[in-house]
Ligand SMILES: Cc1cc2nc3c(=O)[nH]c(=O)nc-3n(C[C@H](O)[C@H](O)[C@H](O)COP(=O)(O)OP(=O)(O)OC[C@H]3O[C@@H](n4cnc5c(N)ncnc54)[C@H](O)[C@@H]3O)c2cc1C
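A single chain comes next, written as structure tokens; it is the form predicted on its own.
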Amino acid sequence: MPVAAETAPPKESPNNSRQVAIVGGGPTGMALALALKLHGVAAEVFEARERAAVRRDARVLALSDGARQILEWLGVWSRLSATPIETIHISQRGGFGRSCLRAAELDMRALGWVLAAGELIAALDAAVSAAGIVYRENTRVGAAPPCVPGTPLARREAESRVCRDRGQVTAEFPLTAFAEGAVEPGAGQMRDYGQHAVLCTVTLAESHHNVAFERFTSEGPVALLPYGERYAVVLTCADTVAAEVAALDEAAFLALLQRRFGSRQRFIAASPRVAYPLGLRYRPNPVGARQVWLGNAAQTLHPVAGQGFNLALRDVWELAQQVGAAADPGAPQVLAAYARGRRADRRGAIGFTDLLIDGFASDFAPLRQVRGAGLLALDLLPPLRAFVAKRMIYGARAWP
């Protein structure tokens, strides 16, 4: 389906040598533009918001070491100040068994890295500007108007069109990549977890020693990510209490967090909290006729295991590889190859996060024992730990 955009007249005339229109100028869209540039493919970015507004992203991101390698390839990692995760401690409240994944066991500097989303976006934005990639802000893309009368049918089928009302300017692209946003209702599979994530940062009584925690409780998982000298907190709770939890005063929230997490760390201060709903949305097929969806536009996951943006960067890597080797970036065989290449990784990440939520949701005593045995087995079997860690870091293909 072609696309259309409404915005002010562009500063320069469209150039038919541009091969890919990227809809969404957030971190995934900018990373894709840079990746395509490195493969010799020109792209133009269309962003609905003001460019400065894109940088005002208050999230904290957990990046796998595989994501770090992709960002190094894009030339932006050296501009970032990220906190390394050297150990991931996994446990369940109210049951035996725990496991630790350690970077040293895999001969790695870190299993992952934690940084402010705004810092990453600023670095990507600077790299996009330095590379001379056209970035059109305040440009909303939607359904395309009919093709200009007299345009040959073969040409209409071979191009995706981005049209602007003002100035009557039309740009034509062999491929349109939707790199931001969410999976629209009716476009894919949906699941509402009935949960919200409450986000904040907390100050500690002692050093975190670069240890991240994933603590499963009957109310939902609690994740602590080393972030500078503090922890970034992802506290999952039921929809019915999310607003109440987010609005607690600092002392009451710290008491709740301490009760949910346990005594392995002591929290002495907390930032203001924000909450957002959690659900699973994904397109079974991320490609269409001269169109491709990646990142949150293709799949939105529960934050447990921190796979969302890492999966998006692997989408970027694979799409750039396929498009960079093709004479026609939007050809059906190119997009089919991309979809095949991403199938195992997407299904694995979606299934893994969904299984974690279901598997650790019940407080049924026999199930707690089974979970504990699984965590104990993971801790006692180094090859199994290495397999799980590498799948989380590099995806189904364990790239590179």
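Start at 1 with the first residue shown and count on from there. This structure is a prediction, so every number in the text was calculated from the model and none was measured.
Although it is not shown, the form predicted together with the named molecule is what the next lines describe.
Legend entry - Full three-residue contact with the named molecule in the predicted bound form, heavy atom 4.5 Å, for Leu71, Leu80 and Tyr282: Not a single listed residue reaches the named molecule in the predicted bound form, so no.
Inset, instruction - Quick one: find which of 238-246, 207-215, 292-300, 325-333 has residues within 4.5 Å of the named molecule in the predicted bound form by heavy atom distance. - result: Among the listed stretches, the partner-contacting one is 292-300.
Inset, instruction - Let me know the one among Thr87, Thr139, Thr201, Ser91 whose heavy atoms come within 4.5 Å of the named molecule in the predicted bound form, would you? - result: Residue within 4.5 Å of the partner: Thr139.
Inset, instruction - Using a 4.5 Å heavy atom cut-off, state whether Val23 contacts the named molecule in the predicted bound form. - result: Output for Val23 is yes: heavy atoms within 4.5 Å of the named molecule.
Inset, instruction - Using the partner position in the predicted bound form, report whether Ala197 sits within 4.5 Å of the named molecule, counting heavy atoms only. - result: Although the named molecule is absent here, Ala197 would touch it in the predicted bound form, with heavy atoms inside 4.5 Å.
Inset, instruction - With heavy atoms only and a cut-off of 4.5 Å, decide whether Gly188 touches the named molecule in the predicted bound form. - result: Outside the cut-off, so no.
Legend entry - Exercise: Glu47 in contact with the named molecule in the predicted bound form, heavy atom 4.5 Å: Contact with the named molecule, yes.
Inset, instruction - Would you give me the residues of 39-72 that have any heavy atom within 4.5 Å of the named molecule in the predicted bound form, in order from first to last? - result: If the 4.5 Å heavy-atom criterion is applied to the named molecule in the predicted bound form, 39-72 yields Phe46, Glu47, Ala48, Arg49, Val54, Arg59, Val60, Leu61, Ala62, Leu63.
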